[in-house]
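Two forms, one protein chain; structure tokens for each follow separately as structure 1 and structure 2.
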Structure 1
């Protein structure tokens, strides 16, 4: 199997726009509230029953609602690109659980470490980002080229 770029659906403009929006949003949250926009940390806080009705939970719940709403509303703004998933439901569930476990084990997710942590020059985030990017590169190589 060879990895190729689908030039017809290659969208650097929207990718750049999305990256800028993430960066601006994370920066504004940090600037105005001192909070870090790491999704796994935000979600972990909200799902603890003792935190759910705390004063600090409101912005986190609104953040998650906005995150879900944006994805839900996108098809009303633009056509969704074609997508297909070749994995079975049990494989997808296991993958999701492993990602969740890895996020908790690594004290954060890709958004927390890769966007927010690196921008704050966090050494822990640099190690975490290098680790998950290396794991992704190796997994992709082994999946596509070593089989």
Structure 2
């Protein structure tokens, strides 16, 4: 297999800048609230009707409002970078179900395991990250090149 690089869409500068911001956001939550910025776990907690109005939901709701409003507020600061979603609606539904179910079963996602877990050198998170990366590479190969 020959590796070819997509230089046209290769944006290491903005990727690194955005990545540093992820690190700052996760660090603020850790240093001041003592919590891990794991989006799937945070979301899974607040979507339970019995949890939503509990004391423990407060920091999660605030963090999620911040996260979602980043998308709403960004266009007021700068033009949104282009985004293209190739997936059809049935694929989006299937993907969402897998991501939701899988993140709960695997106790985390790209933020909790991939950024925070690797930063704290958690063996569980390294195994989880290797697992979802591998599944991602294989699934992409099957959807784009196997036919």
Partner chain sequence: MKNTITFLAGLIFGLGLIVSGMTNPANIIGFLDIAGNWNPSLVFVMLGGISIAFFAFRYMANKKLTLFKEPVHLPGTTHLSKELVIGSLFFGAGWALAGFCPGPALVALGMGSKQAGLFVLSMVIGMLAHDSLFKKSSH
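None of the values given here were measured: they were computed from a predicted structure. Residue numbers count along the first chain shown, from 1. For the two forms, the rigid core is made up of the largest set of C-alpha atoms that agree within 1.5 Å on superposition.
A.B. asks: Between 1 and 2, where do we have the form predicted together with its partner chain?
C.D. replies: Answer to the question: structure 2 is the form predicted together with its partner chain, whereas structure 1 comes from elsewhere.
A.B. asks: Answer yes if the CA of residue 87 moves 2 Å or more between structure 1 and structure 2 after aligning the rigid core, and no otherwise.
C.D. replies: Yes, shifts by 2 Å or more.
A.B. asks: For residue 104, does the CA position differ by 2 Å or more between structure 1 and structure 2 when the superposition is done on the rigid core?
C.D. replies: For residue 104, whose C-alpha is compared between structure 1 and structure 2 after core superposition, the shift is less than 2 Å.
A.B. asks: Given a core-based superposition, decide whether the C-alpha of residue 119 shifts by 2 Å or more between structure 1 and structure 2.
C.D. replies: After core superposition, the C-alpha of residue 119 moves less than 2 Å between structure 1 and structure 2.
A.B. asks: Could the core-superposed CA displacement of residue 50 between structure 1 and structure 2 be given in angstrom, to one decimal?
C.D. replies: C-alpha displacement of residue 50 between structure 1 and structure 2: 2.9 Å.
A.B. asks: Core superposed, what is the CA shift for residue 9 between structure 1 and structure 2, in angstrom?
C.D. replies: Comparing the two forms, residue 9 shifts 4.9 Å at C-alpha.
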